[in-house]
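What follows is one chain in structure tokens, specifically the form predicted alone.
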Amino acid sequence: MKIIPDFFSVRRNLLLLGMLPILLGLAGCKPVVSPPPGRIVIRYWDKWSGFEAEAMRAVVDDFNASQNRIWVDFSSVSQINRKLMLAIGGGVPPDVAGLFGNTLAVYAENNALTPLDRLAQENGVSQERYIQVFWNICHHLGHLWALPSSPASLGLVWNKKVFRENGLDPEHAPTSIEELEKINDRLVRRDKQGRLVSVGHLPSEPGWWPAIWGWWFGGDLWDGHHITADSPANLKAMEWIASYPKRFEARELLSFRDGFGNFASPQNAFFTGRIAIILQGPWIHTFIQKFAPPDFEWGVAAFPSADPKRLSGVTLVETDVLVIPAGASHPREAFEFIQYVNTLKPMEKLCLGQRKFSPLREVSADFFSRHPNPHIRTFLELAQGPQARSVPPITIWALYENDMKQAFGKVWTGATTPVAALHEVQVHLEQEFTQRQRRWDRLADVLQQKWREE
């Protein structure tokens, strides 16, 4: 399948394609296992490494043993976005690739994926099988581009021991921003020199999702047609962010943060009790097991909102996805493997191995009893709730996220006001989105027709 001409510039194409054999040779490290004679070989690249890659490798091994027609050759690939785009542009893509769901818009609008609508219909794969938000993530521009693999949601995670030691109910998480800040005041501790020793919560810790704080204030980043970075609700969220450097002083917060250890270490501020409340996903259990003290007590709940009656259970939902790149040699066999992963037992094996919950509506009776994360059911319930949200399906999402990160940083350090920070983001992104939209409008009719025919 031909990629649209301006996917790479001509000059960059020549450079990258010249590097193609080298990069593809470094695509991933895996045990050398020869497929049995007569099998159709499906090359599968995914971004996972470590225990997550091993969890998928076990599912691949089961699939290979379950039938005698197809052999899936699984590779763990670093920097998969760059290498996959390169392989597609060079006409030598894998048959299956594992991506982040928030990258689908970029791949789809660059004609870099195979639409799965017809394959899904022919094989009886429909939305009834999935938790709605994950089925939605796999769609863009009216077409199905992927099926989910392992998902996640975000929740409030709190240190019960710190709550108990400070006279708070260790079993009660705050349900509103107002209550969160009262707990925050209760947990602030200083040393004899007046320096911060601990606080309840900081929106900057660990600071992985600065773009979405507006959701807990009723805000949106996208209305389906326009960028809405500077909406009134997003401004309220940024004013909440600005209240921290006013309350503690920006230099004091920076000095306090400089004393934290790495996230993946026993010196993680949450594990040492310097921060008692964080926003995190189900993977936090793995870090707690590895780095937290043996007596560490923790709980999970919905992160509180500014209006708990109207905005209860707001969460960001993400999922890894499996796609068939444009130009794949064996799309039907590739889909057979993807469909296999999306059945009950293989999906639960994968999600147990990766410490996630399943994106499927059906869950086996013993899934939760076998799961190592004692709070996995809470993360699943958040994903099933009416306030479960995913990032906007737009090609400039990476730029949007970066701009909001910069805005957060400027407000956090007191370098600018919330109004000015969000206005700067709005103006920049409107310009970028308009340019991308003009390009898409020139291609839309041709590509939509092509996808319908496929």
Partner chain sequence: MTRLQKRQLLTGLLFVSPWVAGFLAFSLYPFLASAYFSACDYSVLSPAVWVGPDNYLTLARDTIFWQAVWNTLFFAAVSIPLGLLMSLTLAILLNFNVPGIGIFRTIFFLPSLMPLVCLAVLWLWMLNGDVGLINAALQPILKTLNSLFSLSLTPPNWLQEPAFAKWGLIFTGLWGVGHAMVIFLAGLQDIPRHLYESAEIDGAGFWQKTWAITLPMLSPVIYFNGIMSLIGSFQVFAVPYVMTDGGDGPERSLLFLATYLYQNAFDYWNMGYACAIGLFIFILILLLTLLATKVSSRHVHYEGN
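Positions refer to the first chain, counted from 1. Bear in mind the structure is a predicted one, so any value in this text is a computation, not a measurement.
The form predicted in complex with the partner chain is left out here; the points below concern that form.
Asks: What is the one choice in R164, R361, R195, K182 with a heavy atom within 4.5 Å of the partner chain in the model of the complex?
Replies: Answer to the contact question: R195.
Asks: Under a 4.5 angstroms heavy atom criterion, identify the one residue in S49, N68, T417, T413 near the partner chain in the model of the complex.
Replies: None of the others qualify; the residue that does is T413.
Asks: Select, from the options 260-268, 371-379, 222-230, 295-303, the stretch whose residues sit within 4.5 angstroms of the partner chain in the model of the complex by heavy atom distance.
Replies: Careful reading of the contacts points to 260-268.
Asks: Looking in the model of the complex, is the partner chain within 4.5 Å of a heavy atom from each of Q79, M85 and L254?
Replies: Every residue of the candidate spot has a heavy atom within 4.5 Å of the partner chain in the model of the complex.
Asks: Classify N102 as contacting or not contacting the partner chain in the model of the complex by the rule of any non-hydrogen atom within 4.5 angstroms, answering yes or no.
Replies: Contact check for N102: no, nothing within 4.5 Å of the partner chain in the model of the complex.
Asks: How about V106: is it within 4.5 Å of the partner chain in the model of the complex, going by heavy atoms?
Replies: Output for V106 is yes: heavy atoms within 4.5 Å of the partner chain.
Asks: Does the partner chain come within 4.5 Å of any heavy atom of A112 in the model of the complex?
Replies: Taking the distances in the model of the complex, the answer for A112 is yes, it comes within 4.5 Å of the partner chain.
Asks: Given that the partner is absent here, does P346 sit within 4.5 Å of the partner chain in the model of the complex, heavy atoms only?
Replies: Because no heavy atom of P346 falls inside 4.5 Å of the partner chain in the model of the complex, the answer is no.
Asks: Relative to the partner chain in the model of the complex, which residues of 385-412 have a heavy atom no more than 4.5 Å away?
Replies: Heavy-atom contacts to the partner chain in the model of the complex: A398, L399, N402, D403, Q406, K410.
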